[in-house]
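Next up is one chain by itself, shown in structure tokens, the form predicted on its own.
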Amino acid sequence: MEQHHNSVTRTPLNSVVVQRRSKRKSYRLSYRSCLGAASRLGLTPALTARRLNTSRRAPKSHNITEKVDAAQLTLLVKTEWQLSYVTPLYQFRHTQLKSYSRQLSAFIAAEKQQGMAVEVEGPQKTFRVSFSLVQGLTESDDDAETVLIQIYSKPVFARQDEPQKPVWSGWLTCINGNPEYLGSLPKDFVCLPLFGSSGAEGLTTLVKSWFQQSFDCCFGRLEISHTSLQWLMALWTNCHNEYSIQHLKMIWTLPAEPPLQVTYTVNSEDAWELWGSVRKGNREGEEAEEKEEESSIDIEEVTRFMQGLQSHFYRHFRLDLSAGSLNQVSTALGSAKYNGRIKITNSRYMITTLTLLTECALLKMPI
């Protein structure tokens, strides 16, 4: 799993914007940028002009089971992940994953020896780290290969012959990353902006700390905005014709004292019928050439879809959902929460979901 002969070419090679000085100075710049100060990378035009896309390709089914390792895919689609964004990694090499496994294992052991609390369901004897490539998820030549990190351990009082079990998992990915931004990075940087973690918060903190020290990067909380949640609703509903979404569930919080939480569940066929009524691609009289082009979804359609759902709810309950905030959406394809927790339950549409989340991560990065 460690070999990856294209790892260098996956990193954009043009370095026209920034000339790197010392690693120590660059780390200070990156750290200050996390606190809101400008860094030299912050002057990258491709980033400062970025906004969430107002149009995107309609989701397509991807049979990635033929390309991605079955055990890795099972982990990715059966786990709820806490998302963060990660600034570009300096001198990260996909060919050095075995070395990174040893380094992070030693780092965790050293921190534990110094008294850092890293227990997982009771005291653990030792921790072993494994870095591996998740081959088969990249969608463009600019995307770096996804990296999976797993931490194994066993309790202090476990039998000697008892195998270590996974106690923490995480990954870094870039799916259909913005080519202008990726192309503007210096050649020594690898962009894997989307980070997912599952496990003890203490281990998550240690992993992030090691990455920050080793690759001159910083992490930040990645919330899934109201607009991004609406996009996920529309993209997942659009898949219903190929794979039943079973239901469309939303959780809203309305301003009241105390705040009022509303759970709104829509039958899959009703959601599909409403979505079809607002789709531009379903209008009669479309140009033949446009029909042949790849279907796309516009933000106007997403907005009308949401307005239709809100109007239906208001007619029945006289509650205006637009006055509140959307906190969670879910279908049979996955669930997403405003606080940055995501669960993908169908691998065929994983690429669609990760593409949107990669975009969100790039937009959140301060550099």
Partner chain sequence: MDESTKRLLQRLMRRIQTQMLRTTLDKWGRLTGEQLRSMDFTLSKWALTEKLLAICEENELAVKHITELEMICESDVIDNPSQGMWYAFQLMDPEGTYYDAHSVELTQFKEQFKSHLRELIRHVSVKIKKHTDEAVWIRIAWGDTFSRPNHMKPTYVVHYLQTPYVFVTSLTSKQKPLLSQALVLSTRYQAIKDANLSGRKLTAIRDLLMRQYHQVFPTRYPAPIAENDQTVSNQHIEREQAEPAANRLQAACEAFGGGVLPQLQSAVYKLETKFRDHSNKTMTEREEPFKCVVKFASTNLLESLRHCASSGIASTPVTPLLSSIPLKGKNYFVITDNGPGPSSQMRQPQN
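Just so it is clear, the model here is predicted, and its values are computed rather than measured. Residue numbers count along the first chain shown, from 1.
Just so you know, the form predicted together with its partner chain exists too; it's not on screen, but the next bit is about it.
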property: Among 71-79, 231-239, 268-276, 189-197, the region lying within 4.5 Å of its partner chain in the model of the complex by heavy atom distance; result: 268-276
property: The unique member of 339, 311, 325, 303 whose heavy atoms fall within 4.5 Å of its partner chain in the model of the complex; result: 311
property: Partner contact for residue 113 in the model of the complex: its partner chain, 4.5 angstroms, heavy atom; result: no
property: Contact of residue 213 with its partner chain in the model of the complex (heavy atom, 4.5 Å); result: no
property: Residue contact check: residue 319 to its partner chain in the model of the complex, 4.5 Å heavy atom; result: yes
property: is_contact(residue 261, its partner chain) in the model of the complex, heavy atom dist at most 4.5 Å; result: yes
